[in-house]
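Below, in structure tokens: the form predicted on its own, a single chain.
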Amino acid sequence: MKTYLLNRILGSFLVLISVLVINFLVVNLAPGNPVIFMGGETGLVSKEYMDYMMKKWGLDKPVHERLLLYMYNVLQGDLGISYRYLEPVSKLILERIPTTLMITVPSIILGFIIGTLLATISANRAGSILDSFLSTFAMVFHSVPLFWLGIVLINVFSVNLKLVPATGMVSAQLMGKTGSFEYYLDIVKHAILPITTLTLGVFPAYFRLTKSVVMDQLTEDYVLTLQAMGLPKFKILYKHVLRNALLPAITLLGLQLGFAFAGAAIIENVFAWPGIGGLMLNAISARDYPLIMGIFLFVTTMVIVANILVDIVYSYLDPRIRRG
């Protein structure tokens, strides 16, 4: 088990280094110049200004020199300074992490639970009206664009029914009451629509995957043996079949937890939610190279960590992996 984990960690480190290099080259070789963009934005477009800023940001050096310097700084824990915000990239990212996790983690967990349970019910009643309804329900939300779904939910539950706030994270009148019960309750109210939108967008993937695996498991010999032994159908389905069917779903859960920091970019912009997704889009539009690379590197790290955690969970759920 220890050897298996060490090999996974070593392989993940090599993947991280490769992504670091590719990420740097893709961003820095892309068309556009952040100095020209910022100069046009502020009205300072003189050659002296551009030369000064190119030198200040190190953009006057060859790409390979900048890459080596960037890798050295990253290994020291320095992700650079944002061109747009003029603050350390690591500080900007860490400030947005809790806000993004507030809506992404609950939605992914809810999507996992709802998707797997509905898939199990649907597979157990394959060919029935209930199966057709649940499959259609999942397919509809799998096909609907999330930004459109978010706008529809805002119109229905905020504009028309006035049940929950439409956008933002906290109401203006509660900005100065940080730490109070009303403040946190208001955050929960603002998070309802983003979480609902993401959950509806996430659960179809678990539904389709789990339903397929459950239907395959129901045809296995061990199910017939358990039925012959007289075990109740409910116990066979949820104690034995679902346990085996959860392995692929857990893999998907780990991947989505890794992408949680960037996957909600569209939703955060629809609901004006101040998370990493909005920060990433602002960095891309401003050609803020250090911030773009910092966010991509952070997301990659989270994906790798999530995959390692999934492997650990796998080893406990499936003894064959541990023995291997």
Partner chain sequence: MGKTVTRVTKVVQTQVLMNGTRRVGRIISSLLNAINYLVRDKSGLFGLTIVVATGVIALTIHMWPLPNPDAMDYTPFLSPGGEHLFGTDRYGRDVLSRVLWGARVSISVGLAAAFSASLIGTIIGMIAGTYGGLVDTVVSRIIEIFMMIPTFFLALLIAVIMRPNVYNLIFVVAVTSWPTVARVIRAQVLSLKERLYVEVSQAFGASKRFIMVKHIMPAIVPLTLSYTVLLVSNAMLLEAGLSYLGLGDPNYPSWGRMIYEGQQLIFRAYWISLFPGLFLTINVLGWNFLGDALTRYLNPRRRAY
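Note that the structure is a prediction, hence the values are computed from the model and not measured. Numbering follows the first chain given and starts at 1.
In what follows, reference is made to the form predicted in complex with the partner chain, a form of this protein that is not presented.
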(request) Work out which of the listed stretches, 139-147, 69-77, 239-247, 197-205, brings a heavy atom within 4.5 angstroms of the partner chain in the predicted bound form. (result) 139-147
(message) Can you tell me if Ser90 lies within 4.5 angstroms of the partner chain in the predicted bound form, counting non-hydrogen atoms only?
(response) no
(message) Although the partner isn't part of this model, could you tell me whether Met229 comes within 4.5 Å of the partner chain in the predicted bound form, counting any heavy atom of the residue?
(response) no
(request) Using the partner position in the predicted bound form, report whether Val159 sits within 4.5 Å of the partner chain, counting heavy atoms only. (result) yes
(request) Determine whether any heavy atom of Val313 comes within 4.5 Å of a heavy atom of the partner chain in the predicted bound form, and answer yes or no. (result) no
(request) Within 4.5 Å of the partner chain in the predicted bound form, which residues of 190-227 have a heavy atom? Give them in sequence order, or say none. (result) Arg208, Ser212, Met215, Asp216, Thr219, Glu220
